[in-house]
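We begin with a single chain expressed as structure tokens, specifically the form predicted on its own.
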């Protein structure tokens, strides 16, 4: 085996992943740059010590070094020296973007507390705290156990395989989930060595047939300090009224973010399901009205991160093409509030909102506070 010096070995362990983003008018394309040894190890061994580190304690520290976590003698797929969770975790309280030269790594799991300024998808910290916090995020293998109350994803009736990605993300990769599971249950095909049309690698086993999400990535993954009404993530949406009752909201036809959520939560999203006209569920994939209580919210000129919208054409957002989506109310990874909501639902009190006037539900429903 090649003998690597102690200094170089530390660099090997501390520089797990380097991402180089190039933004276009469409989707963000992420390519890994740097020495292969930053991410990979040929034999998972250096001087008789495993090079692969993951599990508890794995994550980036304040000083930009990688805390090694638990050493593993079992090699990882693709010869990686950590897993998805370890690479996108931080042992810092508030570090949500790791800057390594010109490269940036998004942090989705701060292991000591929920960060004061989480990225667009939120943070897995709360759901990692145990069964009392199951409703605060998606239960993902390597971060949390299976939900203590739910046996499958809520609103799911599409897959009979108990361990499929459509049912749960909290099980280890296996043949039942195409050896994905965990983070890759959603980020199904991860392209760290070439460009990808899929927004944030949100794709599926039907990607070749168009089953992926379109969108425009913000350079800082929607970090609040760097976000304005025109500089933020732009999500793809569709207007179900244009599709009609005989149409479909399948991802391969729409490339919308809500259609992607429907891969697991499909009964909340069915175009032919009960409740479209009677509003048994909050609607998604409809245009945000321009009249009545909604007229005060113009996301083109005054975009609200706490109540974002999707767009029929994310590259050229127009007010009459602003779409209500699942993420208008929910975070993706995890949040500070139950049901992965973007705000405290218990404080959304009609006609008596108090300090919450203009926030949360009342961003869109502007006259009800």
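None of these values were measured; they are calculated from a predicted model. Residue numbers count along the first chain shown, from 1.
A second form of this protein, the form predicted in complex with a small molecule, is not displayed here; the remarks below concern that form.
Name the single residue among 284, 90, 254, 126 that comes within 4.5 Å of the small molecule in the model of the complex, judging by heavy atoms. Going through each option in turn, the one that passes is 284.
Check residue 150 for me: does it contact the small molecule in the model of the complex (non-hydrogen atoms, 4.5 angstroms)? Heavy-atom contact with the small molecule at 4.5 Å: present for residue 150.
Just checking whether residue 130 would be counted as a contact of the small molecule in the model of the complex - the rule being heavy atoms within 4.5 angstroms. It does not: once the small molecule is placed as it appears in the model of the complex, residue 130 has no heavy atom within 4.5 Å of it.
So in the model of the complex, does residue 312 come within 4.5 Å of the small molecule, heavy atom to heavy atom? No, residue 312 sits far enough from the small molecule in the model of the complex that none of its heavy atoms falls within 4.5 Å.
is_contact(residue 221, the small molecule) in the model of the complex, heavy atom dist at most 4.5 Å: Yes.
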